[in-house]
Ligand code: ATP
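Only one chain comes next, encoded as structure tokens, the form predicted on its own.
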């Protein structure tokens, strides 16, 4: 679906994106994270065809975005971090206006608008957008990006400044779009949301791609995993105590297996077995803290 081939973007002497290469498959959700100024927004704008790379190529559906910009933009829905709306229009009027810009047939446009108003829970669609909350305005902007039913959705900080409930609704809604086989690229500062919704995560530092993989692989390579057994025994043992029980911790799965065999052999009571893994936020902070 998407292929970036050694993409670099320079502004005079400043390199915003440095030799970036990665792929995204159809129906995949890719999270792009990094510090402010890392090159996230620049990358998304290049993929959307809004700015040209200094070097390298970007292919969408096996076509170069620079050579087939007009045709490919019909397949792209783009939501910038700051997305002003026409506040003197209602949500329904606003979407109808953009459906005309997209040259959608009127009947199909009306059906699409009503579907988006319902799925995004856009209440009072005939109310002026200027009277909406920030969360409702963001939903209108997302509906606009989806109006022409694009195959690729590019979202720059879709949850910026939203309350937790609206923010989670939008993330959950994006996850539901996988059923429509839409490819989604999103940048976000809320790493919990990225971890929840994304199939793979790209971490960018100083314009360079430092990690690009599934969360499972990222944890395996950069995080840590701790196994914990809570059990009860009548005798006194040299293990950590908590609430009258013993606690055994280890990072080794073989050690856990051996401990479970011992508990069974000694006829101790197994209370709980759990696994704690590094969150994306912990891994990200560790990466950003390390000097280049």
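The shown structure was predicted, so the numbers you read here are calculated from the model rather than taken from an experiment. Numbering follows the first chain given and starts at 1.
Although it is not shown, the form predicted in complex with this ligand is what the next lines describe.
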Taking this ligand as it sits in the predicted complex, is residue 241 near enough to touch it, meaning that at least one heavy atom pair lies within 4.5 angstroms? no
If we define contact as a non-hydrogen atom of the residue within 4.5 angstroms of the partner, is residue 30 a contact of this ligand in the predicted complex? no
Residue-level question: is residue 35 within 4.5 Å of this ligand in the predicted complex, judged on heavy atoms? yes
Is residue 175 near this ligand? Define near as a heavy atom within 4.5 Å, in the predicted complex. no
Where, among 262-270, 39-47, 249-257, 61-69, do residues come within 4.5 Å of this ligand in the predicted complex by heavy atom distance? 39-47
Quick one: of 121, 106, 74, 189, which gets a non-hydrogen atom within 4.5 angstroms of this ligand in the predicted complex? 189
If we test each of 87, 100, 81, 163 for a heavy atom within 4.5 Å of this ligand in the predicted complex, the one that passes is 81
Given a 4.5 Å distance limit between heavy atoms, list every residue of 130-166 close to this ligand in the predicted complex, or none if there are none. 157
